[in-house]
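Starting off, we have a lone chain in the form predicted on its own, written out as structure tokens.
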């Protein structure tokens, strides 16, 4: 009888341990894919997320960020496949890199949609468009946990200042390997060269490419692009949101309480990361000063110059709007117009 009670006791303790939050057969380490260096707001946001999760689970869940694209072995547009296959457990990823697999994410790369309006981006992400995109990602095997930010993409080059579409004629511009970027730069008369970021600095140094397009806070300044490119034009032609996400395979293996902990950590890290990425960009005087001090020649487009680029790329916009889904694009346009209308009303009120 004593042996029976001992056996029952052991069984019950085992069952309780397995049912307790965080006591399931979790991995010793969860891998997180990050394209960039750990020192940028993007990389710092990923590390903050990992640190929060480790602290709040008392070390039961350890997430290790793999920076500089270590997990996807050379092709950043393959990153989404890592999550689908469970090779990566988590990612803080650019919508651009995932857009070759999830066509709806090309929405954020439609040329000159957002007009440098971060409020419009936020409204879109927080509204039905953002929720629909998260549902699409879930259907494809990635559980989205929050929106981060890489920023509006500006263009640099070593040849000349860019004021008009004609100034891009013949320039070899490095672009990420997403077809919409090739279409945009071809429409402007440039020669787009698809290339992973790890190859870009040496390509700029050797003259294999003349320029590149990327956000200032995460690329131009951290990578000291003034050493290879003298000219920068602020044209805000596309936005690059980031997404904190988990592989569905990994997510399904976590218990409910740990999912809540991870979700909250992602939201907090996303809020901090987005603010850090935008610091100084809404009032870019500080960044402009850094660029000027390091010898860059800065071009800020007038409304008329901006419109010339928008008109030139309109056929690309229309083509990709059809591919992305007209309903989704129209909803995004509505969000942008709503923000612009509010801004216009405020401007008129302040002028009284």
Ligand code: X2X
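This one's a predicted model, so the numbers in the text were calculated from it and none came from an experiment. Numbering follows the first chain given and starts at 1.
Just so it is clear, the following notes concern the form predicted in complex with this ligand, a form of the same protein that is not shown.
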ask   = Where does this ligand sit in the predicted complex: which of 120 to 128, 265 to 273, 145 to 153, 246 to 254, heavy atoms within 4.5 Å?
value = 145 to 153
Of 100, 229, 233, 214, the one that lies within 4.5 Å of this ligand in the predicted complex (heavy atoms) = 214
task = Look at the candidate spot formed by 26, 90 and 258 and say whether this ligand comes within 4.5 Å of a heavy atom in all three of them in the predicted complex.
result = no
message = in the predicted complex, is there a heavy atom of this ligand that lies within 4.5 Å of any heavy atom of residue 83, even though the partner is absent here?
response = no
request  = Find out whether any non-hydrogen atom of residue 324 is located within 4.5 angstroms of this ligand in the predicted complex, and reply yes or no.
outcome  = no
Contact of residue 96 with this ligand in the predicted complex (heavy atom, 4.5 Å) = yes
message = Is residue 63 part of the interface with this ligand in the predicted complex - any heavy atom within 4.5 Å?
response = no
request  = Note that this ligand is not shown here; using its position in the predicted complex, name the residues of 172 to 186 with a heavy atom within 4.5 Å of it, in sequence order.
outcome  = 174, 176
